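A lone chain, given as structure tokens: the form predicted alone.
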Amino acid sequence: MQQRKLNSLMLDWSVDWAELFGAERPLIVEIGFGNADYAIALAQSNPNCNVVGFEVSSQSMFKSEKKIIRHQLPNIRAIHSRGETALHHLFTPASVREIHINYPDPWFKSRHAGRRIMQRDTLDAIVSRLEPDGLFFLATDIVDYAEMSHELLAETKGLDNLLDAPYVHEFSERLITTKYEEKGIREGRRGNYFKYRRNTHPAPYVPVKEELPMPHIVLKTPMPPQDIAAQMEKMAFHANDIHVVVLNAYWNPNYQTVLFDVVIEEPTIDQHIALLLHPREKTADFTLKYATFGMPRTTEGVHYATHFIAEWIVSLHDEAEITSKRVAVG
């Protein structure tokens, strides 16, 4: 049973899950499925549900996809994606029956705290995406992470704790003991297990983030493209929660174009894309827009990147100017 490989950057925002699976069934989601053993157990024990697993590790994805094919389960799919991207872009409100997060990366260093999946924005998205009476499960063997998660969950009005304590160390509903779970037990780290249910409190407003129109800027500059590329050094721009890093610029003498290598980090999605500056036909102008290879999605961050790079190009020469632009910023 061969399946096409899936990535959140290639799927529709939002996804028609019944079409993807070929059957309309309740959705169960696991974020960060590792080697997919727990996700497979979820699919086996819930044959009347569609199970969707998300993972950012390419190596884990490669191994898990082969494992899922071997099991020949029609109700499970693995998707290469951050959990934040999946929750904000792929699911509509009140569309998921269960969400599982098993042993998330704790990101111990304080400067990396923003990378933790358990954040207020993520929990708001979880509450939004759960259907009435939907369930949220969390497991971690890191005590500090458990305490941090308990504080966040205690402040989450849309979820009710179904346990007699903030979290427990024995949980009979665990389908299997995962490889990572076993490793923690051997090293003296017991599991901390959470179970919450979606209640009737109104969910936070978390709309599905959709794509914007393609950004497009026309500019004039006396500088030849090779000189623009030569001026380029690694630079970073910041706006709100969006971070843009331009790594390099490459001049193509055959087409007189400049290719900008750009990394964009947004709260719900990270992208590594290329923006292209190329001469317009029959004029002395240039157009700056994203290159059409790869899988770029036209988010607010892509618009910011296009805007920032155009402003930088114009700053290189007193006679340069932007003549028209179609961007959602500035």
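What you are looking at is a predicted structure, and each value in this text was computed from that prediction instead of being measured. Just count from 1 along the sequence shown to find any residue number.
The next section is about a form of this same protein that is not shown, the form predicted in complex with a small molecule.
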Query raised in the report: Though the small molecule is not shown, can you say which of Thr268, Thr299, Gln271, Ser60 has a heavy atom within 4.5 Å of it in the predicted bound form?
Result: Ser60
Query raised in the report: in the predicted bound form, do Gly34, Pro106 and Ile117 all put a heavy atom within 4.5 Å of the small molecule?
Result: yes
Query raised in the report: Heavy atoms within 4.5 Å of the small molecule in the predicted bound form: does Lys179 have any?
Result: yes
Query raised in the report: Does Asp124 reach the small molecule in the predicted bound form, with heavy atoms at most 4.5 Å apart?
Result: no
Requested in this report: Indicate whether the small molecule has at least one heavy atom within 4.5 Å of a heavy atom of Ala41 in the predicted bound form.
Outcome: no
Requested in this report: Would you check, heavy atoms only and a 4.5 Å threshold, whether Asn102 touches the small molecule in the predicted bound form?
Outcome: yes
**Report entry** Contact stretch among 258 to 266, 301 to 309, 273 to 281, 50 to 58 - heavy atom within 4.5 Å of the small molecule in the predicted bound form
**Finding:** 50 to 58
